[in-house]
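Just the one chain here, laid out as structure tokens, in the form predicted alone.
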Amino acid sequence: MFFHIVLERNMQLHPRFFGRNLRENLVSKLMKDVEGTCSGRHGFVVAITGIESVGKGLIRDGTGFVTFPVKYQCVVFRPFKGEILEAVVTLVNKMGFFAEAGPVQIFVSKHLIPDDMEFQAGDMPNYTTSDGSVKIQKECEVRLKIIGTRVDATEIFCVGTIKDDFLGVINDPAAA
């Protein structure tokens, strides 16, 4: 799920960036350092939408660097248990498959795939229904439900299922 929140960060800036466009340099460094990162507490920072305030800088002894407290608004993505997501399958093996929904990697075990689907090994491993009408393979899109999350300091891991109503393959590029 996406949230719009306010975060704070202390930014260190080298003296060569001081001058008329100090604020622009600070904002561009903030975007470069923060966008695309993950904090276990808030989730993945998708984009910075605005700067609320830039505090007074504090000169670091001996280095000349200045530390500025910056308060900024950003959009974060954090998956929750029970959430339905659409994801792209990245890897299929006999244990299940991995899929990605944006920056989040989700594992779906073979026990959480419908019973009528069997693993097919070969050059393009996949899970196929007995009548061959539905096939889960690399690059196909699936709708899945998050049944568990594990949060580390810099990553979020999820376990999902497609063994429920209205879940499963929603787009298979190989079939087109």
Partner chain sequence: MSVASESPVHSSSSDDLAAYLEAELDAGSDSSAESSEDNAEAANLGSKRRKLEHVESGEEDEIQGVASVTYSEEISKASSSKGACEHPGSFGNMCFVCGQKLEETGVSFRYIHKEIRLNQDEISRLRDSDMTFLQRKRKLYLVLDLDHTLLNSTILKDLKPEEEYLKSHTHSLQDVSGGSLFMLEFMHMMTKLRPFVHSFLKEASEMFVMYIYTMGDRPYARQMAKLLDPKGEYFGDRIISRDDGTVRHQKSLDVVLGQESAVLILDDTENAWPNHRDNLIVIERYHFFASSCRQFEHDYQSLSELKSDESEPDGALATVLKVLKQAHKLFFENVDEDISNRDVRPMLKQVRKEILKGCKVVFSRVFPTMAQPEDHPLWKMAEELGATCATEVDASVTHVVAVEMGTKKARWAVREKKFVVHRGWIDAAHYLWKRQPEENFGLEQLKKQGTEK
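Positions refer to the first chain, counted from 1. Values in this document were obtained by computation on a predicted structure and should not be read as measured data.
The same protein also has a form predicted together with the partner chain, omitted here; what follows describes it.
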item	value
Contacting member of Leu112, Val46, Val54, Val134, with respect to the partner chain in the model of the complex [4.5 Å, heavy atom]	Leu112
Interface residue in the model of the complex among Lys32, Arg150, Arg41, Arg60, criterion: non-hydrogen atom within 4.5 angstroms of the partner chain	Arg150
The partner chain contact at Ile162 in the model of the complex, heavy atom, 4.5 Å	no
Contact test in the model of the complex: Lys138 vs the partner chain, heavy atoms, 4.5 Å	no
4.5 Å heavy atom contact, Phe77 and the partner chain in the model of the complex	no
4.5 Å heavy atom contact, Lys71 to the partner chain in the model of the complex	no
Among 46-54, 62-70, 32-40, 113-121, the region lying within 4.5 Å of the partner chain in the model of the complex by heavy atom distance	113-121
Residues of stretch 25-59 in contact with the partner chain in the model of the complex (4.5 Å, non-hydrogen atom)	none
